[in-house]
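Take a look at this single chain in C-alpha cells; it is the form predicted on its own.
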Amino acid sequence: MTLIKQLAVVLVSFTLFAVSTVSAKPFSPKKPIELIIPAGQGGGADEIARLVQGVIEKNDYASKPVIPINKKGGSGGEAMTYVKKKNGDVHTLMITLNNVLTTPTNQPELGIDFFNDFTPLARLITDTFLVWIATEGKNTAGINTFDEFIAKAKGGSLVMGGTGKMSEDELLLGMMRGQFGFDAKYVPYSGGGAVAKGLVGGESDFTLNNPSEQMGFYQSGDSKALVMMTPERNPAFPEVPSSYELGYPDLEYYMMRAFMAPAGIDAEVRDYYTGLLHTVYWDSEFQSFNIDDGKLMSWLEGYGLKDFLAVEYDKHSVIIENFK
C-alpha cells in the first residue's frame, strides 16, 4: 500500500472515530426544562417540585434551569394531557402523585394510559396522611383524640375539604365512611394549600392533608393532627398516634412523589434525568427538609418503580370501584 493510500485509510478511520465520539456524547439539556405540576400552588406536590427545582438551581446540578409550571385543572387531568402531547420531548418532566392512578380511571374521556403515555423515572418520597382539625374549629373545638372525632362525626354531618373531585382525598373519605359508619360532605379545592387554608379559615371541619400542607398551621397551633395513617409514629409528629396503634390498620395510606417524562424518549435521556433526581435525592438539604417534614424517603427506579405503579394502580382501581 502506498503512503498516500495509508494516509487516506488513517484519515477515514479518524473521521469515523470522530463521528462516533460525537454521537456517543451523553445527553444534556439544550434549553430550560419544564417541570409540570398536576396540582395548585401550596400543596404537597407543588412544594416538592419547587424544592427539587431549588436544589438543582442552587447547586448547578443541571446545565439548564428547571421551570415549575402548575396545571391544576381536572384533578391533574390538564397536566397529564399536556405531558402526553409532549411525546418525545426531552425537556419536559412531571411530578406525579396518586392522581396519576385515579384521574385516568375517573375520567376515561381523557384517554390517558400512564403505562404507555409516560416514562417513569424515579420515586423520591412516600408522603403520609393525617386527620387534621382546626384547634378552634366551630364543630370540632375541644376534640383531642381520633375516637372523639369519630363520635362527633357519627353524631352530625361534618364538612371535609379535599383536593379535587374523586381525588385520593375523597376516596379516603369513602374508606372512612365504610369503616366508621359516618358521613361527611366533601368540598373539593384546587390543591392541598387551599385545603389547609380552608380548614383554619372555618370553611371545613377536617381534612386528610399531608404533613407539609398543614405544617405551618400546625406549628402555629391553629390546627392539630389526630392520627397518622401509618403503622408507626413519625418522629416529626411524636405526639400523634398511628392508625395501627389505635387499632385501625385499614387506615394505612400513602401518597407517592415520583417523577415521569413523556413517552418516546431515548434511554440516555431517561438515564440522565434519573441520575439528576438521584443526585437531588441524596442532597443533604433535600433529605433534611423532607425528614423534618414527616415524609418517608423512599427512592425507587427502573423495573421496581414500574412494578410498584402496577400494584398501586390495581389497588386504587379496587378502591374506586368500592367507592362507587
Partner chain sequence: METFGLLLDGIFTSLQWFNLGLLIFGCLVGLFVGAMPGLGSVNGVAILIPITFIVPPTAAIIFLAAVYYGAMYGGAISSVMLGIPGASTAVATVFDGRPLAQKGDAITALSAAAVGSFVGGTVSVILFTLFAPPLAEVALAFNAPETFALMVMAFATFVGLGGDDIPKTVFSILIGLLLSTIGLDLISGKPRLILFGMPGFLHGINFLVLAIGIYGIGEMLWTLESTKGKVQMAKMEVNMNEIGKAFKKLKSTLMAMSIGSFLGFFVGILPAAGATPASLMSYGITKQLSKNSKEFGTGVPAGVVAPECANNSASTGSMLPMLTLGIPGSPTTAILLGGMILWGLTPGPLLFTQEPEFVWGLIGSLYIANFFTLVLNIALIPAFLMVLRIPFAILAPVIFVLCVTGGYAPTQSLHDVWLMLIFGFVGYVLRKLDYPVAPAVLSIVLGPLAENALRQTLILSDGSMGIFFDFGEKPIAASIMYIALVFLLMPLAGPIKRKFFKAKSA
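Positions refer to the first chain, counted from 1. Keep in mind it's a predicted model, so treat the numbers as computed, not measured.
What follows is about the form predicted in complex with the partner chain, which we do not show.
**Student:** Given the stretches 145 to 153, 228 to 236, 249 to 257, 195 to 203, which is the single one in contact with the partner chain in the model of the complex, using a heavy atom cutoff of 4.5 Å?
**Tutor:** That would be 195 to 203.
**Student:** Spell it out for me: taking the partner chain in the model of the complex, does every residue among 42, 189 and 219 have a heavy atom no farther than 4.5 Å from it?
**Tutor:** Yes, the whole candidate spot contacts the partner chain.
**Student:** Indicate whether the partner chain has at least one heavy atom within 4.5 Å of a heavy atom of residue 78 in the model of the complex.
**Tutor:** Residue 78: yes, in contact with the partner chain in the model of the complex.
**Student:** Is residue 53 close enough to touch the partner chain in the model of the complex, meaning at least one heavy atom pair within 4.5 Å?
**Tutor:** Yes - in the model of the complex, heavy atoms of residue 53 and the partner chain come within 4.5 Å of each other.
**Student:** So in the model of the complex, does residue 289 come within 4.5 Å of the partner chain, heavy atom to heavy atom?
**Tutor:** Answer yes; at least one heavy atom of residue 289 falls within 4.5 Å of the partner chain in the model of the complex.
**Student:** Evaluate residue 126 for contact with the partner chain in the model of the complex, applying a 4.5 angstroms cut-off between non-hydrogen atoms, and reply yes or no.
**Tutor:** Judged by the heavy-atom cut-off of 4.5 Å, residue 126 is well away from the partner chain in the model of the complex.
**Student:** Among 174, 241, 73, 104, which has at least one heavy atom within 4.5 Å of the partner chain in the model of the complex?
**Tutor:** The residue in contact is 73.
**Student:** Taking 4.5 Å between heavy atoms as the contact cutoff, choose which of 210, 96, 163, 207 touches the partner chain in the model of the complex.
**Tutor:** None of the others qualify; the residue that does is 163.
**Student:** Scan 94 to 115 and write down, in order along the chain, each residue with a heavy atom lying within 4.5 Å of the partner chain in the model of the complex.
**Tutor:** 107, 109, 110, in sequence order.
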